[in-house]
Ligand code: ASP
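Only one chain is shown below, in C-alpha coordinates, and it's the form predicted on its own.
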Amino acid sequence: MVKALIIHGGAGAWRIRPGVDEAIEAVRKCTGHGWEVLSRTNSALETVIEAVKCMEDSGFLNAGYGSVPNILGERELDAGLMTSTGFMGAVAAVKATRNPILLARIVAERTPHVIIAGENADKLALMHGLPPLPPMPPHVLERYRDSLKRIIGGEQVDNYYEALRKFISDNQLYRELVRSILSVYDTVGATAIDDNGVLAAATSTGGVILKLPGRVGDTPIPGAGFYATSTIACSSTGIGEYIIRTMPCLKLSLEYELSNNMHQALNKVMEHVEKSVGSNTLGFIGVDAKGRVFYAYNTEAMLIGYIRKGEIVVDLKPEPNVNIVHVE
(Lines give C-alpha, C1' and ligand atoms only; values in the text may rest on other atoms or scores of the structure.)
Protein backbone atom coordinates (compact mmCIF):
# COMPACT_ATOMS: atom_id res chain seq x y z
CA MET A 1 0.00 0.00 0.00
CA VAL A 2 1.02 3.62 -0.41
CA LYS A 3 0.54 6.46 2.03
CA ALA A 4 -0.99 9.71 0.72
CA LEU A 5 -2.27 12.99 2.14
CA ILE A 6 -3.93 16.10 0.74
CA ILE A 7 -5.43 19.00 2.69
CA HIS A 8 -7.27 22.19 1.78
CA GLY A 9 -7.61 25.64 3.28
CA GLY A 10 -10.81 26.47 1.42
CA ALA A 11 -12.19 27.53 -1.94
CA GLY A 12 -13.46 31.03 -2.69
CA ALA A 13 -12.46 34.57 -3.60
CA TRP A 14 -8.94 34.52 -2.23
CA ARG A 15 -7.96 37.73 -4.04
CA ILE A 16 -10.07 39.87 -1.68
CA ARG A 17 -9.29 38.26 1.65
CA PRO A 18 -6.58 39.48 4.04
CA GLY A 19 -3.91 37.19 5.43
CA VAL A 20 -3.32 35.18 2.24
CA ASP A 21 0.40 34.70 2.93
CA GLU A 22 -0.31 33.56 6.48
CA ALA A 23 -2.98 31.15 5.24
CA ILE A 24 -0.59 29.65 2.68
CA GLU A 25 2.07 29.21 5.36
CA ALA A 26 -0.49 27.58 7.68
CA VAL A 27 -1.42 25.04 4.99
CA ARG A 28 2.26 24.36 4.35
CA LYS A 29 2.89 23.79 8.06
CA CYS A 30 -0.18 21.59 8.52
CA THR A 31 0.62 19.52 5.43
CA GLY A 32 4.02 18.79 6.91
CA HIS A 33 2.52 18.05 10.31
CA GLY A 34 -0.05 15.69 8.81
CA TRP A 35 2.63 13.83 6.88
CA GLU A 36 4.73 13.43 10.03
CA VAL A 37 1.71 11.96 11.83
CA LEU A 38 0.95 9.60 8.95
CA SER A 39 4.57 8.44 8.79
CA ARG A 40 4.77 7.94 12.55
CA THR A 41 1.37 6.37 13.26
CA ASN A 42 0.38 4.80 9.92
CA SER A 43 -3.17 5.93 10.77
CA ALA A 44 -5.23 7.84 8.22
CA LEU A 45 -7.70 8.78 10.97
CA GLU A 46 -5.05 10.29 13.26
CA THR A 47 -3.56 12.07 10.25
CA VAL A 48 -6.69 13.86 9.08
CA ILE A 49 -7.65 14.81 12.64
CA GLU A 50 -4.22 16.26 13.39
CA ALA A 51 -3.98 18.07 10.04
CA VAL A 52 -7.41 19.67 10.54
CA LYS A 53 -6.66 20.52 14.18
CA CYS A 54 -3.48 22.22 13.03
CA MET A 55 -5.50 24.37 10.61
CA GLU A 56 -8.14 25.09 13.28
CA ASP A 57 -5.38 26.39 15.55
CA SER A 58 -3.72 28.59 12.91
CA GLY A 59 -6.07 31.56 13.27
CA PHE A 60 -5.73 32.37 9.56
CA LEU A 61 -8.14 29.79 8.16
CA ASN A 62 -11.91 29.71 8.60
CA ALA A 63 -12.09 26.95 11.19
CA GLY A 64 -11.57 26.72 14.93
CA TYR A 65 -9.77 29.77 16.30
CA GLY A 66 -9.89 31.61 12.96
CA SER A 67 -13.61 31.07 12.31
CA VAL A 68 -15.59 33.98 10.91
CA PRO A 69 -18.65 35.35 12.73
CA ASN A 70 -22.28 35.14 11.78
CA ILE A 71 -24.50 38.13 11.15
CA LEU A 72 -24.74 38.85 14.91
CA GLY A 73 -21.00 38.62 15.49
CA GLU A 74 -21.12 35.13 17.03
CA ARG A 75 -19.10 32.13 15.89
CA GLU A 76 -20.83 28.81 15.19
CA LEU A 77 -18.51 26.00 14.17
CA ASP A 78 -19.11 22.69 12.37
CA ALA A 79 -16.90 19.65 11.81
CA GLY A 80 -17.17 16.07 10.64
CA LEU A 81 -15.00 13.01 10.00
CA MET A 82 -15.31 9.54 8.52
CA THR A 83 -13.17 6.55 7.61
CA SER A 84 -13.62 3.71 5.16
CA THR A 85 -14.15 1.39 8.14
CA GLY A 86 -17.41 3.15 9.07
CA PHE A 87 -16.07 5.40 11.84
CA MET A 88 -18.12 8.61 11.65
CA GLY A 89 -18.98 11.62 13.79
CA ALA A 90 -19.87 15.29 13.42
CA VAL A 91 -20.84 18.41 15.36
CA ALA A 92 -22.74 21.52 14.30
CA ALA A 93 -23.22 25.07 15.58
CA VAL A 94 -20.79 24.80 18.48
CA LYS A 95 -19.81 28.14 20.01
CA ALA A 96 -17.38 27.40 22.82
CA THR A 97 -15.03 24.67 21.56
CA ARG A 98 -11.65 25.50 20.01
CA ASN A 99 -11.27 22.25 18.05
CA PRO A 100 -14.59 20.94 16.71
CA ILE A 101 -12.75 18.15 14.89
CA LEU A 102 -11.72 16.67 18.27
CA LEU A 103 -15.32 16.92 19.42
CA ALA A 104 -16.48 15.13 16.25
CA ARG A 105 -14.12 12.31 17.17
CA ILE A 106 -15.66 12.10 20.65
CA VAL A 107 -19.12 11.85 19.06
CA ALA A 108 -17.89 8.97 16.89
CA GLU A 109 -15.99 7.12 19.62
CA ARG A 110 -18.05 7.67 22.76
CA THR A 111 -21.68 8.19 21.76
CA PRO A 112 -24.24 6.20 19.74
CA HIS A 113 -24.89 9.26 17.54
CA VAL A 114 -23.49 10.67 14.30
CA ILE A 115 -24.21 14.42 14.76
CA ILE A 116 -24.60 16.48 17.95
CA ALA A 117 -25.37 20.19 17.68
CA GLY A 118 -25.44 23.42 19.63
CA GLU A 119 -24.83 24.09 23.30
CA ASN A 120 -25.11 20.44 24.27
CA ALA A 121 -22.25 19.63 21.92
CA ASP A 122 -20.23 22.29 23.75
CA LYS A 123 -21.21 20.67 27.06
CA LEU A 124 -19.93 17.35 25.73
CA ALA A 125 -16.62 19.05 24.88
CA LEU A 126 -16.42 20.49 28.38
CA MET A 127 -17.12 17.07 29.92
CA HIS A 128 -14.17 15.63 28.01
CA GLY A 129 -11.76 18.46 28.77
CA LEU A 130 -11.43 19.99 25.31
CA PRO A 131 -9.98 23.53 25.25
CA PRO A 132 -12.44 26.45 24.97
CA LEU A 133 -12.71 28.71 21.95
CA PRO A 134 -10.66 31.89 22.54
CA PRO A 135 -11.85 35.37 21.50
CA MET A 136 -11.67 36.21 17.80
CA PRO A 137 -8.22 37.04 16.40
CA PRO A 138 -7.91 40.78 15.64
CA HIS A 139 -7.75 40.25 11.87
CA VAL A 140 -10.99 38.23 11.92
CA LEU A 141 -12.75 40.92 13.94
CA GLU A 142 -11.49 43.56 11.50
CA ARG A 143 -12.74 41.52 8.57
CA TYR A 144 -16.16 41.30 10.22
CA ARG A 145 -16.32 45.02 10.95
CA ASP A 146 -15.23 45.92 7.43
CA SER A 147 -17.97 43.74 5.97
CA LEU A 148 -20.60 45.44 8.15
CA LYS A 149 -19.56 48.87 6.84
CA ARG A 150 -20.44 48.09 3.24
CA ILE A 151 -23.74 49.21 1.77
CA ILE A 152 -26.34 46.55 1.05
CA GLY A 153 -26.89 47.92 -2.46
CA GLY A 154 -23.18 47.69 -3.27
CA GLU A 155 -21.23 45.18 -5.30
CA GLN A 156 -23.01 41.96 -6.20
CA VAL A 157 -20.82 38.98 -5.45
CA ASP A 158 -22.82 35.88 -6.34
CA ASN A 159 -26.32 34.43 -6.15
CA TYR A 160 -25.88 33.12 -2.61
CA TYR A 161 -24.97 36.47 -1.13
CA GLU A 162 -27.50 38.29 -3.27
CA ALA A 163 -30.21 36.09 -1.74
CA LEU A 164 -28.87 36.87 1.73
CA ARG A 165 -28.87 40.58 0.92
CA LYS A 166 -32.53 40.34 -0.08
CA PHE A 167 -33.38 38.63 3.20
CA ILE A 168 -31.59 41.38 5.09
CA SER A 169 -33.29 44.16 3.14
CA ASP A 170 -36.70 42.62 3.83
CA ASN A 171 -36.10 42.38 7.58
CA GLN A 172 -35.60 45.57 9.54
CA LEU A 173 -33.59 44.01 12.38
CA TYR A 174 -30.99 42.63 10.02
CA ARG A 175 -31.20 45.60 7.66
CA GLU A 176 -30.17 47.91 10.46
CA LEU A 177 -27.30 45.66 11.48
CA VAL A 178 -25.76 44.66 8.16
CA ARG A 179 -25.01 46.72 5.06
CA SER A 180 -22.78 44.40 3.05
CA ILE A 181 -21.52 40.89 2.47
CA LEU A 182 -18.03 39.64 1.54
CA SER A 183 -17.56 36.68 -0.83
CA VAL A 184 -15.25 34.50 1.24
CA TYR A 185 -16.40 31.02 2.18
CA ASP A 186 -13.35 28.99 2.99
CA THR A 187 -13.21 25.86 5.14
CA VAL A 188 -10.45 23.39 6.04
CA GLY A 189 -10.23 19.68 5.37
CA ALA A 190 -7.90 16.71 5.04
CA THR A 191 -7.99 13.28 3.44
CA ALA A 192 -5.48 10.46 3.74
CA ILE A 193 -4.79 6.77 3.15
CA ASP A 194 -2.48 4.67 5.31
CA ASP A 195 -0.50 1.46 4.69
CA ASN A 196 -3.43 -0.58 5.98
CA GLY A 197 -5.59 0.71 3.14
CA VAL A 198 -7.80 2.76 5.47
CA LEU A 199 -9.06 6.00 3.92
CA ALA A 200 -10.13 8.93 6.10
CA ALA A 201 -11.62 12.39 5.64
CA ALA A 202 -12.11 15.29 8.04
CA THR A 203 -13.56 18.77 7.54
CA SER A 204 -14.00 21.79 9.83
CA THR A 205 -15.39 25.29 9.32
CA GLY A 206 -16.69 28.49 10.84
CA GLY A 207 -19.22 28.70 7.99
CA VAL A 208 -19.88 31.60 5.64
CA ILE A 209 -19.26 35.05 7.05
CA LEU A 210 -22.44 36.85 8.20
CA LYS A 211 -24.57 33.69 8.01
CA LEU A 212 -27.86 33.71 9.89
CA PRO A 213 -27.66 32.40 13.47
CA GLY A 214 -28.33 28.68 13.65
CA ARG A 215 -27.38 28.04 10.04
CA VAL A 216 -25.66 24.70 9.48
CA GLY A 217 -23.82 24.08 6.23
CA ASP A 218 -22.42 20.99 4.56
CA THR A 219 -19.43 20.37 6.84
CA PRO A 220 -21.10 18.03 9.39
CA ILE A 221 -23.15 16.16 6.78
CA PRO A 222 -21.75 12.85 5.45
CA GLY A 223 -21.64 12.76 1.65
CA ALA A 224 -21.61 16.54 1.46
CA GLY A 225 -18.81 18.01 3.56
CA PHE A 226 -16.96 14.75 4.10
CA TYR A 227 -17.13 11.11 3.05
CA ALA A 228 -14.98 7.98 3.03
CA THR A 229 -15.48 4.55 1.50
CA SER A 230 -13.20 1.70 0.49
CA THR A 231 -12.48 3.54 -2.77
CA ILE A 232 -12.23 7.29 -1.97
CA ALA A 233 -12.05 9.81 0.86
CA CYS A 234 -13.31 13.32 0.15
CA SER A 235 -13.55 16.73 1.87
CA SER A 236 -15.58 19.63 0.43
CA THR A 237 -15.44 23.40 0.72
CA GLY A 238 -17.52 26.26 -0.66
CA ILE A 239 -21.08 27.42 -0.14
CA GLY A 240 -22.64 24.80 2.10
CA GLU A 241 -26.15 25.09 0.73
CA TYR A 242 -24.90 24.27 -2.76
CA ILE A 243 -22.74 21.42 -1.50
CA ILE A 244 -25.74 19.90 0.30
CA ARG A 245 -27.81 20.19 -2.88
CA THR A 246 -25.21 18.42 -5.02
CA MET A 247 -23.52 16.05 -2.49
CA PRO A 248 -20.22 16.05 -4.42
CA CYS A 249 -18.37 13.60 -2.16
CA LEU A 250 -21.16 11.03 -2.29
CA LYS A 251 -21.61 11.52 -6.03
CA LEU A 252 -17.88 11.14 -6.61
CA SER A 253 -17.86 7.84 -4.76
CA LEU A 254 -20.75 6.53 -6.84
CA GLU A 255 -19.35 7.77 -10.15
CA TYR A 256 -15.92 6.31 -9.45
CA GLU A 257 -17.33 2.92 -8.49
CA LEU A 258 -19.32 2.86 -11.74
CA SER A 259 -16.52 3.90 -14.10
CA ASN A 260 -13.28 3.04 -12.24
CA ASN A 261 -11.97 6.16 -13.99
CA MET A 262 -11.12 9.03 -11.66
CA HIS A 263 -10.81 11.70 -14.36
CA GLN A 264 -14.22 10.77 -15.72
CA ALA A 265 -15.74 10.69 -12.23
CA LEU A 266 -14.34 14.11 -11.30
CA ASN A 267 -15.60 15.65 -14.52
CA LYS A 268 -19.04 14.08 -14.06
CA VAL A 269 -19.31 15.56 -10.57
CA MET A 270 -18.26 19.02 -11.68
CA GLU A 271 -20.64 18.88 -14.64
CA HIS A 272 -23.43 18.00 -12.19
CA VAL A 273 -22.40 20.89 -9.93
CA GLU A 274 -22.31 23.42 -12.76
CA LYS A 275 -25.68 22.27 -14.08
CA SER A 276 -27.35 22.17 -10.65
CA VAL A 277 -25.98 25.18 -8.75
CA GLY A 278 -23.72 27.02 -11.19
CA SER A 279 -20.13 28.21 -11.11
CA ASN A 280 -18.20 29.78 -8.23
CA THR A 281 -19.87 27.45 -5.75
CA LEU A 282 -17.58 24.71 -4.38
CA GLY A 283 -14.47 22.56 -4.45
CA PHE A 284 -13.23 19.31 -2.93
CA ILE A 285 -10.10 17.26 -2.37
CA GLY A 286 -9.57 13.55 -1.90
CA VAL A 287 -7.49 10.41 -2.05
CA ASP A 288 -8.35 7.11 -3.65
CA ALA A 289 -7.52 3.52 -2.77
CA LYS A 290 -4.58 3.60 -5.21
CA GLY A 291 -2.92 6.37 -3.20
CA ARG A 292 -3.56 9.13 -5.72
CA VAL A 293 -4.64 12.56 -4.51
CA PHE A 294 -7.06 14.74 -6.45
CA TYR A 295 -8.89 18.04 -6.29
CA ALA A 296 -11.58 19.87 -8.23
CA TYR A 297 -13.17 23.30 -7.85
CA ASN A 298 -15.09 25.91 -9.84
CA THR A 299 -14.32 28.92 -7.64
CA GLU A 300 -11.81 31.69 -8.24
CA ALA A 301 -9.15 29.72 -6.38
CA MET A 302 -8.58 26.92 -3.87
CA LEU A 303 -5.75 26.55 -1.36
CA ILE A 304 -4.39 23.00 -1.22
CA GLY A 305 -1.38 21.19 0.20
CA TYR A 306 -0.15 17.66 -0.42
CA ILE A 307 2.96 15.49 -0.27
CA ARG A 308 4.58 14.39 -3.52
CA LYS A 309 7.74 12.26 -3.48
CA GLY A 310 8.30 13.27 0.12
CA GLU A 311 8.10 17.00 -0.59
CA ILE A 312 5.43 19.48 0.55
CA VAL A 313 3.53 21.06 -2.34
CA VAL A 314 1.23 24.04 -1.63
CA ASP A 315 -0.85 25.55 -4.42
CA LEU A 316 -3.24 28.49 -4.60
CA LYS A 317 -4.38 28.14 -8.17
CA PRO A 318 -6.08 31.20 -9.71
CA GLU A 319 -8.76 29.54 -11.83
CA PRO A 320 -11.17 26.57 -11.77
CA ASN A 321 -9.34 23.27 -12.08
CA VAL A 322 -9.68 19.48 -11.97
CA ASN A 323 -6.58 17.39 -11.35
CA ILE A 324 -5.21 14.04 -10.18
CA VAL A 325 -1.71 13.86 -8.72
CA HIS A 326 0.43 10.72 -8.61
CA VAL A 327 2.32 11.29 -5.38
CA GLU A 328 5.05 8.67 -5.66
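Residues carry their position along the shown sequence, with the first being 1. This one's a predicted model, so the numbers in the text were calculated from it and none came from an experiment.
Here the subject shifts to the form predicted together with this ligand, a form of this protein not shown in this document.
A.B. asks: Work out which of the listed stretches, 97 to 105, 200 to 208, 83 to 91, 245 to 253, brings a heavy atom within 4.5 angstroms of this ligand in the model of the complex.
C.D. replies: One stretch meets the cut-off, namely 200 to 208.
A.B. asks: Whether residue 215 contacts this ligand in the model of the complex should be assessed with a 4.5 Å heavy atom distance threshold; does it?
C.D. replies: So residue 215 counts as contacting this ligand.
A.B. asks: Is residue 191 close enough to this ligand in the model of the complex to count, meaning some heavy atom within 4.5 Å?
C.D. replies: No - in the model of the complex, heavy atoms of residue 191 and this ligand never come within 4.5 Å of each other.
A.B. asks: Answer with yes or no whether residue 235 is in contact with this ligand in the model of the complex, where contact means some heavy atom within 4.5 Å.
C.D. replies: Residue 235: no, not in contact with this ligand in the model of the complex.
A.B. asks: Does any heavy atom of residue 239 come within 4.5 Å of a heavy atom of this ligand in the model of the complex?
C.D. replies: Yes, residue 239 sits close enough to this ligand in the model of the complex that at least one of its heavy atoms falls within 4.5 Å.
A.B. asks: Can you list, in sequence order, the residues from 45 to 63 that come within 4.5 Å of this ligand in the model of the complex, counting heavy atoms only?
C.D. replies: Residue within 4.5 Å: 62, and no other.
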